[in-house]
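One chain comes next, on its own, written as structure tokens: the form predicted alone.
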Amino acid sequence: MAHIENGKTVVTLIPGDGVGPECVESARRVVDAVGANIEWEVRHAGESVFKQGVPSGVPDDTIASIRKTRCVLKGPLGTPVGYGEKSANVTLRKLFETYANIRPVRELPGVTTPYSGRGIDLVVVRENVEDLYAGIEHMQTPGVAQCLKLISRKGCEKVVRLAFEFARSAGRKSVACATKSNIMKMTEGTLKRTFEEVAKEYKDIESWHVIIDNCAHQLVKKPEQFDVIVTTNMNGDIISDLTSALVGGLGFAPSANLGSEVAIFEAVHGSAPKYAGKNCINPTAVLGSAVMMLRHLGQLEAAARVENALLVTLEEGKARTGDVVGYDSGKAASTTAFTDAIIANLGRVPKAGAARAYKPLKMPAFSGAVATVHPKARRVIGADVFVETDQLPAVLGPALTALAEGHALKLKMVSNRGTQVYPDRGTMIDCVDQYRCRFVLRDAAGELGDAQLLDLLTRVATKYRWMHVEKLQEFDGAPSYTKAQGED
């Protein structure tokens, strides 16, 4: 819900770091010139805030402003090395559960690429808060790191529904789901299964699945076949940068981070400090993000006028920035001159490829309750215990077998980096000092209790340092864990 003051929609404006203030000022000038009904509330985040001693890079007054306005236009934020905590960009997205990142790319007039004339016009919808980017990492041993890949059913449903609703709002015809579910059948597979369920409710839109590596291959080979692509967080991060390269680079890549309560609009590119203050940067990505913001706020006519003015400016080629013609060519327009040209072209329509017609985006509604899936039956049948040791599998396996003697659990196998190394299958594995040791119930019909598991851990700890344990569960009779490579 937009926040209105004095008859105007209030937007939190974060100038950002490096070239951010110049790009944001360009976008603000154009939005003001088109007569958009916007009131700006300037706040700060990023590198300048880290330097003030705020570990998150996001001060309380910025958070308060966003909670009030529910809408943000921001420049790129720097993440300094050696101080501060996690990226302030990511922190903002996660603090306000902006669960979907929308990255549109289209062939632009006057911007020549190897794909010119192919009619590229597609959108990547990236899940924005889960996956490996949840940032849950641990050093399992001094030489082995772990990152947890968390994919939830609710998170998948949210981003999939938004992808279909966005397709409808933009008059698009198809949504492709890109996953690595052939390998990660539970995590990436959750997105694929959820997509296939939700797609049944959007029969007006074609839906199909593609393996993510093939998706990247096809984007280079035949990008015009794609309309909307929905994918997981890390996959989306990678292929959305790929798609921006097809049409000219990150200087032309806008984005929207959409949530049920807050929307954050930002360029994809970084703060580029070496260009800061030189009045030479291309502001198109931030301006495109402002266009997406205007659409989100229901100011569709203003958004179309700004986008068309940008397209006319690129089409005529009278003002082109250094990333297009070369910074040292002597032909590059300054940031302000490029902005002046766009403002002068407000009200004009390009000869080819005018702005797409949009309808208001219908944001999916979701309960704020904690998401829970209730199986009809569940059972714990064993545990994976992760241990640190420099022993070879031929020593470790028998030792663990002896430790479990007389226990309800028995050792089934030991794996190293996902491959079974005990019992020996005659393979050739170069081991590291982190082993997964799979224990299962001797009584196949029984169920493992916590007291039994704790007793096993106590036994293991008499000889080995363990750092991690995972219960092996069955939900509705189906295993909820994967086998190691080579495990029967």
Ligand code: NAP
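All values derive from a computational prediction rather than experimental measurement. Quick note: we count residues from 1 along the sequence shown, nothing fancier.
Below, we refer to the form predicted together with the named molecule, which is not included among the displayed structures.
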Practice task
May I ask you to check whether residue 93 falls inside a 4.5 Å heavy atom distance of the named molecule in the predicted bound form?
Solution key: yes
Exercise for the section: Determine whether any heavy atom of residue 269 comes within 4.5 Å of a heavy atom of the named molecule in the predicted bound form, and answer yes or no. Expected result: yes
Practice task
Flag residue 76 as yes or no: does it have a non-hydrogen atom within 4.5 angstroms of any non-hydrogen atom of the named molecule in the predicted bound form?
Solution key: yes
Problem - the named molecule contact in the predicted bound form: residue 119, any heavy atom under 4.5 Å - result: no
Handout entry: Answer option from 317, 360, 273, 375, heavy atom within 4.5 Å of the named molecule in the predicted bound form
Key = 273
Exercise for the section: Let me know the one among 339, 345, 282, 240 whose heavy atoms come within 4.5 Å of the named molecule in the predicted bound form, would you? Expected result: 282
Handout entry: Among 261-269, 376-384, 187-195, 216-224, the region lying within 4.5 Å of the named molecule in the predicted bound form by heavy atom distance
Key = 261-269
